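Before any questions on how it binds or moves, here is one chain, the form predicted alone, in structure tokens.
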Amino acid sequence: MFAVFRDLIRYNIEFAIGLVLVSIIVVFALLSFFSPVDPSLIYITIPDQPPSAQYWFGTNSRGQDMFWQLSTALRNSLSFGIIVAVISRVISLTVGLLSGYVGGWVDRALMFVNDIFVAVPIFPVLVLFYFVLRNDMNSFTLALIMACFGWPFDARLIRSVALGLKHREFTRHAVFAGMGTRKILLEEHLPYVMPIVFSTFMNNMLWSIGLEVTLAVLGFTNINNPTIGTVLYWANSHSAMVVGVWWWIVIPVILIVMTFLGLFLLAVSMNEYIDPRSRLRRMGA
């Protein structure tokens, strides 16, 4: 894995740019642990102050320091995306590897369930869950629900790789050596799909954070929990652009664009690395 990152940084400028952007976002998010104020409190500073030496990102109409507010919001948004991506990767790996290797009725049953989740319209379902669980809808609950819908496309991709690995010589040798299904999947097949897992992990984070921002801006999440989406929700509620508090919208948008661009470049770079011809062309072979 370290060799993969070394080659990507050395030969792929898109990966290097994406890594720098994501690193900046992560460092800014980690600063929230050193916040001198509680980001959930309101009217603790002078409202509607523009960016200055005292308030780097200005203050909003709710009397909050935007620097610390956005640091916490970005940390929560990234944590949300990571939770969704991790849980959905576990599901997609389990379904994809089992379906591709075992085959038969297991494959048909898992792909039947997979196709059901592919056909379900996600956004209306999430809105419905919000109205049903309004009092209990926190970020972790929303992440669990979204993770249940974020795995089917990637499970099919992993299954296609597992179908090819099933008939490789090393798999046959493992079977003849008496290795069980679980051991073959974890020790023999899993390393081959890890680049795909990393790439889809980035894509899934993009999807989940983008969907959470959309839901939050529309007010279909816990609006009192600081995320990039809820920051934009409150900015829209206070007509920030109309009253001239432009930094309340512009700065969060810049941060979310940097996040999306960084994750997108990492995902694209990994997709290219998976293709041997593209990888060799990058390396000048």
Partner chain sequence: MNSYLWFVGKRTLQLLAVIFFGVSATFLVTHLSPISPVEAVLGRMTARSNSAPEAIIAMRAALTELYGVDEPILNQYFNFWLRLFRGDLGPSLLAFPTPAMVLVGRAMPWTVGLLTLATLITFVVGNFLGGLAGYYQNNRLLKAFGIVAIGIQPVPYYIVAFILLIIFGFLWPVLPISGGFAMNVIPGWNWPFISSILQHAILPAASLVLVGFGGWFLGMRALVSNVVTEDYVTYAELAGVEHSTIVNGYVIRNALVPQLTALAMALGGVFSGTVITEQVFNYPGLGSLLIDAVNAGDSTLVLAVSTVSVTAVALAIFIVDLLHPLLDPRVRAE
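Numbering follows the first chain given and starts at 1. Everything numeric here is computed off the predicted structure, so don't read it as measured data.
There is another form of the same protein, the form predicted together with its partner chain; it is not shown, and what comes next is about it.
Screening 70-78, 188-196, 169-177, 122-130 for residues having heavy atoms within 4.5 Å of its partner chain in the model of the complex returns a single hit, 122-130.
With the partner omitted from this view, the residue of V26, V217, I251, I42 that lies near its partner chain in the model of the complex is V217 [heavy atom within 4.5 Å]. Between the options V90, A109, L144, V118, the residue in contact with its partner chain in the model of the complex by a heavy atom within 4.5 angstroms is V118. Under a 4.5 angstroms non-hydrogen atom cutoff, its partner chain in the model of the complex lacks K183 among its neighbouring residues.
By the criterion of a heavy atom within 4.5 Å, A53 is excluded from the residues contacting its partner chain in the model of the complex. Although the partner is absent here, V257 lies within 4.5 Å of its partner chain in the model of the complex, judged by heavy atoms. Within 4.5 Å of any heavy atom of its partner chain in the model of the complex lies no heavy atom of A267. Applying a 4.5 Å heavy atom cutoff to its partner chain in the model of the complex picks out L232, N236 from 222-237, in order along the sequence.
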